[in-house]
Structure formats: C-alpha cells, structure tokens
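Okay, so we've got a single protein chain in two different forms coming up as structure tokens, structure 1 first and structure 2 after it.
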Structure 1
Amino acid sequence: MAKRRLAVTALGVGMAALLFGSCSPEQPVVVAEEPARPPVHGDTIIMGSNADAVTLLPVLASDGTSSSVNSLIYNGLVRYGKNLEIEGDLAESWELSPDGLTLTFHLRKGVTWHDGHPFTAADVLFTYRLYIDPKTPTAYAERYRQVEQAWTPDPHTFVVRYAKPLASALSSWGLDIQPRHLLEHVEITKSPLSSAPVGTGPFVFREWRRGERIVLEANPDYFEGSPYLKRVVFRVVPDPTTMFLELQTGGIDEMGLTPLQYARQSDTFNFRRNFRKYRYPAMAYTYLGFNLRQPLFQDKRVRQALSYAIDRQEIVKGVLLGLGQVANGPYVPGTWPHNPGVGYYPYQPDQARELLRQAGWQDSDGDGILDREGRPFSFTIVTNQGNDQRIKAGEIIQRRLREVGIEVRLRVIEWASFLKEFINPGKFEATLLGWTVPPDPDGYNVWHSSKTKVGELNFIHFNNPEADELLEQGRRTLDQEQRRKIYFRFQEILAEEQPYAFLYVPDALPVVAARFRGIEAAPIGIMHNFIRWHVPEREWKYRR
C-alpha cells in the first residue's frame, strides 16, 4: 500500500507545511553529525520494490516501479519541489502570457543526454508529438491534446499555446522529456530504449536483470551536480514480509513499511540503531462509494446516515494502526485545495437511526433489519482482491452498519473482472475503492455529471449542477486563490451530499538504513533531495 512515488507522478501542488509539524513523531532527533566533513561520493543504495518495472520508456509506462526508476533517469521541464511548489527542472524559467493561453519555457543550456548528445527544445517538441501521436499506445495523451499549437522559436525555447486556459497546463509539463535523436523514425513499441533508457537525469542506466534488479549509476555530468551515491539498485522482492527480513539482514537499504511493520515489528533496539523511519500523509484516500442510480441510495439522508454509522477513527486505528488520518473529502489534509472547515461525519449511530427513520426505514417485522415497504435494507459492497486494508475496512463497516439495522455483504473480486463486470457497467450497489490524489485539484473526470459513460470515472453517477459548474470553472481558472475558493465550495457540496463516505488518508511509511545522511522529510516525501543523500566514507558498505 505504502507505495513510494517520486517527484511529479502523484503529488498535489500546495503548502502542506502546516501538516509537516506532525510528520514523524517517532523519528529520533537527527543526531548531530560531523558537520565539518563535506559529503563524499560513494556507496550504493538498494531500494526494495514489490514489482519489477514494466518498461523504462516513460511514454509507455504507467506502473509505479517504472515511474520510480524513470524519475531518476529522466527530467521534466518542471517538477514539484519539496513543499509541493512547482519549480524548474529542464526549464530554467517560464512565463505565461497575460491572456493565460501561451506558456513559454526557457530551457537550461549545456544539458546533454547520457550518450553525450546535446539536449534542445527539439527534444521537448518531439516528446509532445510522441504523446499525441495516435500510433503511440499511451494512456496519457489527453492533457497534451488540449494544446492548440507548440513550437520552438530557438533551440532553447519551447512555446505552447492553448485554445482555452487550462489550470493544470504548467504541471503537465513535468512529463519525462525523451530523446528525439534516438526515438525519431522508429516504431515506438520496438525501441530498444524501453529496456536501456537514455535520459538527462541524475542517474545513468546500467543494467536490468528482469524480475531481479535494475542498476543505475551516478551521472557525473548531471546539471545539478553529480549525485553523492555512486549507484542505485532497485531490487525486486514481491513479498512484503520477505522484503522486511531482507531489510533487517542488510539485503535492502530502503523500503515502504506496512502499518504493522512500522508499528509493531520495528521497535527493537537494533532496528532503531540501524534504520530511520519516516512518516507523512500519502497522496491518496480510500472511500465507500454509493451507486446513486440505485433507489436505495438516492435519498441524501440515507447516505448521511451511513456516514454517521461508520466509525472512521476505528477504521484508522484498526486498519492502519493509527498510521493515517480520517478523510473528509477528495483532497489530502494540509494541501492547498483541502478545506479544513468541512468536518467529517463523527460516529453517531443515534443520528444515523434518526435520519433513516426520517427516510422511512423502520424495523417493522422485528428481525433486526430495517425495512421499508416490505424491502429490507441490505446491500453488497464490492471491492478488489489484493488490498487487505480495503477488505478489513469493509468488515468493520459491515459490523457497524449491522448495528443500526443494515445488512451488508462484502464481495471481493479479482481486479480485471471487478472493473469489467461491476464498475464499468455500473452493476454494483456500493464499492470500496481508493484514488490517488493527482497533482492538480481538478476533479472534473471523477465528479462531473458528463463523465458517466461506460468506463468513465464518475461510475457512481454523481450529478449536481452546482458542482458541475464549479468543476468547469476550476479547471479554467488560473489564479490559485480563486481556485481555492471554488474547490472549498465544491468540498462543502460533497460533504453535504455524501456521494462517497470518505474514509481515510493512509500515511506513507518509508524506512532507510541509518548510514544514509542528508535525508530531509518534507511534505512531498523523502526523495526530493535524493541526489544529496550520502554516506560518510567510514560507513560505506559497498566499495566497488
């Protein structure tokens, strides 16, 4: 669950600094280490990964491991900084035209690809065209289709023009820029780069043993200076328990812990001495979504009652062992779009019973289950196989709803069938699922009433004219203050309507061997200054 995600892939823009104060309570105070000695270049870090990468060609990749590896090999024009602010990467600076339609990027000079070829604006233009090419099988073309025109006035300037203002335009240029000289005129799915990538990033690809490991080495010519760690190894260990054993015996230096491992299995003296644990909110939330086309859930009072009947604190405690927080909407607490003024539904079973009574649900036949017009209140929650946290949350919800007289069945279905048979055709009553919270608060695809066709994301059929209006405004408004107001109001509507019972935001729980110094936990996580991580020479573990 606590999957590591780097840089641009899945983080929201904003100022989570408020929240950072509560970041790592169990974190021992960073030992005052020899400040006089400057960091040296050397040693290797072995990162545990639960799955092998699929392809190292960013345009084709969509899995977590591939993007983790690619983020060290490639650069975007911009990226998210440690406090989730957008900063330059391959672009030194950029400006937006007064009408909000034209973005001009000024690129860094003197950057070279790992094979020595110079990087220019032509590479950016090529990457853009690669994404929108109908022959490219990518799932990420949509946001680049919004571009009306793109051109390069000179080798170090890249300009894009949009037909309508697009709030997420700038952040979309965090995509990995790929080398034109190696990819032009080749069939993209046949490119050798998918197994031997060439980028501009801090690490150079060295070796890929499928199913075992991927090895990268420091790029001595990196434009921000060569990373201190000489080598990075992504080691594939699919089983979390095995990975934890490997960590303890030194076979792995970094991994994401499960809540159980974090809370119960890493409290020994040896563990504290050899490892540093970190904790910060993951950019994701889990929810119970109600199919609003089902007569059962069409009454707002019923949905509110269900929310009152669920004890969210209990779920956070029981499922996450307290390593997470209650969610009150689709944004992560502490990020700028999140509206802290919207409370969450506290556990109030009496309030739930009262609302259900108002909606006409009573236990008229004395069997302990509410009924109305002869129909008992019973429904099925479907969720996907392979996510134990969701299944456990489902069981807790099942018990709590039974206490107010609602019968819930829980069905766990293998992922592909789950999508095809239940979610896409809308053949479900309620579903336990999670969303990754994307970089931009634009929730148009998930919440807008037009996005209810088969396979689209508003599969619960939420339809609220005011919310629609706000979502349309939000994605076309460029001023952050104004957008914040829009999304604050949007969250109030969701809180009132409860189309989802928002459940929890889990914490990311990375752990790193203690010999690595310079790690700085921040709202974006710990990987933001990865190229500055280092190991004092006397503690080097791998000298070759």
Structure 2
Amino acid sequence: MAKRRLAVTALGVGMAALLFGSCSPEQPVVVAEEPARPPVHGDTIIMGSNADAVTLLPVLASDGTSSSVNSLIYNGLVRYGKNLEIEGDLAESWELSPDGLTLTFHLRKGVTWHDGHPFTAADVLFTYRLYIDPKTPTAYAERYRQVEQAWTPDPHTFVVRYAKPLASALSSWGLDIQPRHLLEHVEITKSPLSSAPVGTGPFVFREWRRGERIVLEANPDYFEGSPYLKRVVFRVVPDPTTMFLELQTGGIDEMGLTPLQYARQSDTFNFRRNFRKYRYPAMAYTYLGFNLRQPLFQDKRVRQALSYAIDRQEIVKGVLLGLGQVANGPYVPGTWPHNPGVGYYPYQPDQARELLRQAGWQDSDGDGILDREGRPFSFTIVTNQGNDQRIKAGEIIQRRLREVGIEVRLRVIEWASFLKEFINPGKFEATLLGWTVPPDPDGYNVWHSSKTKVGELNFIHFNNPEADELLEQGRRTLDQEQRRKIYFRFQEILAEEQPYAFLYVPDALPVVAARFRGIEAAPIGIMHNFIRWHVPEREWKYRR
C-alpha cells in the first residue's frame, strides 16, 4: 500500500475518526449494477502534479512531489495505517524496553531491492548513519542524532538505544530505508539514485522526463503482493486550470481540486458519472512567514499588526469557498496537541494601525504608504507556482495590507527555483507557504533556533529561548497529558510572537476517475490502500 509517512502525523484512532469522518466520496451517478468480480492486474493511472520532483533520493528530499513519488518506491520500518495507528512496514514487529530507551525491530525476511539485491538490517543501519553523517545535507537528521547506539545482532534485527527518552522514537522509523550496496562509499549529493532510485516499495522507477513526467511500474515481487495497477505516471501540470481541463478530457486520472473546481465547476451530471470526489480536513496549514533577519519584521508589534490587518475569514470564504477553517497555530483544530484557548488574530485594521504607530510607522509624506526614518513600509511576498489558493490568498493579503498603509508585492516562482534560490538560502522578506502537520507534535526541526542553517526548516530564523526549552521538554516527555501542557504553552508563545501569520487549514479535495475501483475512504485519506486500486479489464484505458 502507499505508505503514510510517520514524520507527517499521529492522532488516536477515536479522535482521528471524529476529525476525519467526512473522508468519503460524493454520491456518484449510478449507471448500472455490476456483479462483483475479482480484481485484475492492468491499466495505468496518470496523477496530476503541480510541480516536478526535486530529487528522488529521500535523504535529500523536502518537497511534496518528491515525497509523493518516493512513498511508492521506498518503505520505512513502520508506517501509519488507515486509522492513523502505527503498523509494521519493513518491520514485522518491535519491542520497546521497560525504560523506554531501547527499540528492537524484527525485519521481514525475503524482501529484495528493485535490482534483486536482498534487503537486510545492514541497510537500516546504513540509512541511520547516512542521516547523521555531517556531510549529508539533510534537514531531518536531528531525531536520529538522539540515538546513542545502533546495531544489528543479525541480518533481520535492528536495535537502537537512546540516551534520553524520545516521544517520537517509534514514528521516526517511518523514514525511507535506502540501499547500502548502491550508496556506500558514494558522495550522496552526486549519487545517480537521485534521478534513478532503487527501493523496496510497490512500484519500480522507470523514467523521469524533467518538467514533464515521472513513470513508475508495478513491482511484481513486492512483499505485500504486486499492485493491481500496472503503471503510475506523475504528470507535471503547473497550472490548476489546465490540469482540470486535462482531467475532464482524459489527460490525467487523479488530481487535487481547487475549492472552485470542487464546489462549482465539477457539479454536473457528466462529471459525477465519470469521477469520484472526496473531501476531508488536510493535516496541513498555510501561513505567511516573516524572515526575522529582516529589520522590517524584528519588532513583534509589526508582526502582530500584520496579523490584525489580514482578514482570515475572507480568505476561507473567498479563496476556499468555505472548504477549510481558520488556523491559529501549527496544529490542526480537533487534534490532541491543539490549544483551542489560543485565539486567532481577528480582522481589526484599526488595531493594526495603532500597533504600527507605536512601532514608529506613519505616513509622513501623505502618499498613503507608512514610512519610518525615510523608508517606506514595503516588502515582497514570495510563493510557489502551481498553488492557486496561495496566490489568491496573497492577493487578498496584498489588498488588505495596502488599506493600512503597507505596500506589498507578490512574486510567484517555479517550485524548484523557489526552494533553491529563495527559501533554502533565506533570501526572501516574507513567504506564503504551507506545512504538512506531523501527527506527533514535535516541531523541533521547524521552530528550534538551532535549525536555521541553509536547507534546514527554520528558514525564518525564529529564536525564542522559552520556546526552545519547551520543544526540548516536549520531545523528551512520554506522558501525553504532560506533553499537551507543554505544547499548549508553546502555542501561546507563537501567538504572542507571530513569526508566522497563521492563515488556514484547507480541506483535501482529491478526485479520481470513476473507472478506478477499490478506493477506500479512511481517517488517513484515500491513498492508504493504493496497491489495491484496480480497473475492471473491460474499462482499461491503457493496455501497453
């Protein structure tokens, strides 16, 4: 099945069912009854992607497209199941020692890499060492550096011991395991596997035409059984309008709809007959992040003023068409770490003007733009191409900030260039971006002041000693109620400091062509059983 990354979410099953209970298709148009038939192997699914992958070497990948492709090529030791419970992947079972410091994984036997080489515990040990190697430019080393010792008693057992308790220890081993025999003694940034990966997963890499498509084929030797679909094609279509037209004309089979497409443009008899739409709250949020190295944003009164000047309800209603909710912090409402007592900044332009006045900003020359010491209050927001919601939200923010005397420019950049030239080196003033929310609330990599190097995730350079201390405590505390208190306080600090203007939690709105059967809506979404999706032979569209 398609792996759900454990670095990306963890709720209790009961809470998950409550939060995600709406993960279901709209009522389709019923054409005729058909007798149930056993699934057969065949056909191709073409999945629309608004950006190309950056790298298919998981240790170096931090973008969504690369992660989506890699999730079909590689496996972790564990993964999230459909109800957000941790289950085995390459590990059949595991034990945690009574002191909570030692994890022992018992690995599946008979698993092979796509080139036929046997998978063993040596690959897991190598992957661990690869992540903690100072020469590896990865943003995800921190949790693996908490390991005091790692060893392999035999080819199918992997053991790690931690110096201190780590709440996310088990879930952290959902990382993609990489092949030692192909990467050992190779400079990781120059490995050919970055563009021609070899994994253990349900699909095998076949082709990458950069900027156009990535092609995977079913792994006939996959340990859970070969996928029913013969081929998966990720097709790059940056413009959402073009992608929707491609969907309707048969050029792609699956995509994430925009709110406008979901609510209005797909509400026809023919569309409901030919496609299945799904809706559920995404484990993600969108934010306006301020580069705190910029003098313009170093006064928290300015950041608070910007938050008061933004009408979040206008964005949810006008951009999401109500298919989402306002965000007030880095955790999704309804999940256990979310602090409902932290209010979001309501739209109060007068309060924004007052805070800006207190910070020394006034319109001294009567041109309608605030200034201070001869400098106008003007900055650029950068965001990525292919995300229509962010662009429209940026336009609303631009207009609302202009009303309080702030000039904003909006710059939209192709994804790979956006990361390489702006976000990773920190060469931006403000950015409209989003995070997928880990089920485990450990936000150390995103918020801790030590994670600000080039390519790391605290690229806005947030630095708060109390927040750092709380992040340390939260990851070391195993009791959930104690962790809740820690992260509640952490959210209070973020609300006061406003390093981000938290904007909204969108609904996920996937759509899939109706010929695909076996899709099972669940708390985690629809991709959890992807290897069991199938098409009746009489409906195959691609036979080669």
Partner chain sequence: MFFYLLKRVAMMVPMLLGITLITFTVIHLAPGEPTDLQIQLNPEASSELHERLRAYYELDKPLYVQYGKWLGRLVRLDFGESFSQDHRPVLDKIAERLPVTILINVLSILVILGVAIPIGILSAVHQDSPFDRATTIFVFLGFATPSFWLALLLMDFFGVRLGILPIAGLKSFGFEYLGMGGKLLDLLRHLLLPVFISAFGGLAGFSRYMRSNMLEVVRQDYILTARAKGLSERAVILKHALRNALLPIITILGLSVPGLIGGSVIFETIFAIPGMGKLFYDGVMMRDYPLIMGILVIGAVLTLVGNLLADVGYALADPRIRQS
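For clarity, a rigid core is taken as the largest C-alpha set superposing within 1.5 Å between two forms. Keep in mind the model is a prediction, meaning the values are calculated, not measured. Numbers given to residues start at 1 and step along the sequence of structure 1.
- For the form predicted in complex with its partner chain, the corresponding chain is the one labelled structure 1.
- Structural comment: of the residues G394, W173, L90, M283, the hinge joining the rigid parts that turn between the two structures is found at M283.
- Two rigid parts move between the two structures, and the turn of the smaller against the larger, rounded to whole degrees, is 30°.
- On core superposition, G434 has its C-alpha offset by 5.3 angstrom between the two structures.
- Comparison between the two structures places the CA of L356 16.7 angstrom away from its other position, after core fitting.
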